[in-house]
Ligand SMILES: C[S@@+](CC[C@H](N)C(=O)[O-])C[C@H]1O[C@@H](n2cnc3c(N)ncnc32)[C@H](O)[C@@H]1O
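We begin with a single chain expressed as structure tokens, specifically the form predicted alone.
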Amino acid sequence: MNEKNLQSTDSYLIDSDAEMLRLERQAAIYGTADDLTHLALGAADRVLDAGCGSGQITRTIAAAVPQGRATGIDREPRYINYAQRRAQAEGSHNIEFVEGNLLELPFENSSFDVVWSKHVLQWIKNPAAVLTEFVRVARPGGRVVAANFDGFLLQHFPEDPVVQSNIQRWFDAAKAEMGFDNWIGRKLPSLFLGAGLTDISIHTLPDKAYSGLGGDAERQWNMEVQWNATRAFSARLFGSEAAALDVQRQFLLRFADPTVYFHCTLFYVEGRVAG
């Protein structure tokens, strides 16, 4: 496979020492109900959590398939190590974590009943190639389910034109430099069709972590950690660390304002593997 198509550590801009804790706390903001509703798991299902991060959702899936098995895969060794330790501490036995790349999944054909990913495909320059791998490792008649945001941080009211311009500039640069796709949610149905999936269903709702009036302490902390992790990229984009900090400060003040509503759509898209 062409090396440029592989996931790279540098492409995950929000990677930091705080990322595993952020993912755990972000999962608590979401809760488990929406994910489990759209996964619609059977007790004996074999499920792949592709891009598992801290493993929080993988552990949730394992609890929902007591006669089945949950497998989490991520390309970051320290995320896998963290996920393994958390699962062991919580006594999860029908779970495993594997280090690997989503574009070259280390599994045999038809290994899983369900392949799941959340907030992952926007980081992949070639999501169609990843979906091809998802389809390959899902059994005939199995399902692929993806959850992705659409328009992350780009919609707020009352709108601050300076904040809006800075955020748009940031995402334009991330798209140009590493292929980050802030509009991946709306593209999922077409991508699923292109991957040969059938019986496609689409559901949308406000993204709980990134929608709502300001003032929620957990959502605010979540955003601050992400901004801190991207400081080097922002400094290059805006010309200096001081300028990046100013952009960050203006945004966080807006995001925390209880009179300002931010909106982000979360897509859940499911398709069935032919056969």
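Just count from 1 along the sequence shown to find any residue number. Everything quoted here is computed from the prediction, not taken from an experiment.
Although not depicted, the form predicted in complex with the named molecule is the subject of the following passage.
- Partner proximity in the predicted complex, defined as non-hydrogen atoms within 4.5 angstroms of the named molecule, places exactly one of 234-242, 52-60, 38-46, 211-219 at the interface: 52-60.
- Proximity to the named molecule in the predicted complex, defined as a heavy atom within 4.5 Å, holds among G100, G151, P189, G179 only for G100.
- Scanning A83, I95, L131, I124 against the named molecule in the predicted complex with a 4.5 Å heavy atom cut-off leaves one residue, I124.
- Interface residue remark: L23 is counted as part of the site for the named molecule in the predicted complex, having a heavy atom within 4.5 Å.
- In the predicted complex, the named molecule lies within 4.5 Å of some heavy atom of E76.
- Residue contact check for H119: one or more of its heavy atoms lie within 4.5 Å of the named molecule in the predicted complex.
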